[in-house]
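Just one chain is shown here, as structure tokens, and it is the form predicted alone.
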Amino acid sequence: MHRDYGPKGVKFFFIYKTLAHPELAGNYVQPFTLAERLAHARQADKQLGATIPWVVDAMDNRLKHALGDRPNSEFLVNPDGIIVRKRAWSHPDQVRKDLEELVGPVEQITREEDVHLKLELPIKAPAARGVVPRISRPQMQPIVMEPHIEPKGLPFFAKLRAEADADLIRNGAGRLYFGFHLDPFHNGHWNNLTKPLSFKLEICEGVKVDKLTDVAPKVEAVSDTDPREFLLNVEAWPDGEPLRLIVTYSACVGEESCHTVKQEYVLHRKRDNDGGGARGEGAGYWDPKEFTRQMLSGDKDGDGKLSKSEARGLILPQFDSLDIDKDGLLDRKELNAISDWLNHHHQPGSAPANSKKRQ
């Protein structure tokens, strides 16, 4: 559509907002600074082989909020700045119909097979992954946290992912998750020949936590890039009273440049609506059975298949191409194939079924 309607004066833009699913595509984590967001957009530009320019949202997520907080929305804006079409979920075929109506048809439609983009894979991890078992953290949501950024300090080679269950967010008693994920843009890996990552939690009076300090398990591999994770039990955390987290770890970039880092965060007992839904264990891995089960939850007539009227989300715009046997329905085999494509396309973590859970 960009190639067809760009010459007709239609301007296309990709919008970079806060990550809807951190850890999914290339094990990325939420950026802490605008410079990091710009780096993400440049990397996405390379991976997509894009020729469409990017608009990068500010760190207060003002554009995301103004556009309705949807993860994959689309808007058509006329020359007077009026929104003439909007959708909560992108639907390319419908956009083309909109443009045919609003701007006019093109003489020859550019087909998908006519577009030869130079695609690139996500940034390759500098050390092994899948070495350290992942913690299972179902039904947890990101909470608001503030990193203490020193203007001339070392970067956050590892970034905190803080999550809480519904009970902790609602009434101050529940489970709290810490995950320290290496940022692939800093090209760092854990130096396992030094002391493991450790944290110290400073709490306000009355709060009870089963672990005010903890140390990550010793890893036999010399280096790796798996997250370091912790699960805590918290009681009597009052609303409006933040906690202070101090983390110490060693990270290396390349073979010679290693850094021992101490960094701080302030945590709030409040859901972060801009934090996105991380995939959790086996970051980015789409289990075929679970994916199919979720998709078939929309099977209203109970025939075990999805019609186009029952489809939703990411499969709706691509329904016809996903319908391999062209019977107008997506069966379990076809839905399983979608998860296989997602796992290959996004270069995710390994399947969680091959790892041992630790609580």
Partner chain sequence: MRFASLLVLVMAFVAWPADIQAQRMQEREEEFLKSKPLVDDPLPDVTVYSSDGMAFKTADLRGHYTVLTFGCLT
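Positions refer to the first chain, counted from 1. Here the structure is a predicted model, which means the values were calculated and not measured.
Beyond the structure shown, there is the form predicted together with the partner chain, which is absent from this document and is the topic of what follows.
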task: Flag this candidate site as yes only if I169, L176 and F199 all have a heavy atom within 4.5 Å of the partner chain in the predicted complex; otherwise mark no.
output: no
query: Counting only non-hydrogen atoms and a 4.5 angstroms cut-off, does E256 reach the partner chain in the predicted complex?
result: no
Any non-hydrogen atom of H186 within 4.5 angstroms of the partner chain in the predicted complex: no
- prompt: Is there a non-hydrogen atom of Q47 within 4.5 angstroms of a non-hydrogen atom of the partner chain in the predicted complex?
  reply: yes
message: D114 versus the partner chain, in the predicted complex: is there a non-hydrogen atom within 4.5 Å?
response: no
- prompt: Of these, V261, A125, V95, V219, which has a heavy atom no more than 4.5 Å from the partner chain in the predicted complex?
  reply: V95
query: Pick from P79, P151, G240, P138: which has a non-hydrogen atom within 4.5 Å of the partner chain in the predicted complex?
result: P79
message: Among the candidate stretches 68-76, 161-169, 140-148, 126-134, which one is within 4.5 Å of the partner chain in the predicted complex when only heavy atoms are counted?
response: 68-76
query: Along 1-16, which positions have a non-hydrogen atom within 4.5 Å of the partner chain in the predicted complex?
result: G9, V10, K11, F12, F13, F14, I15, Y16
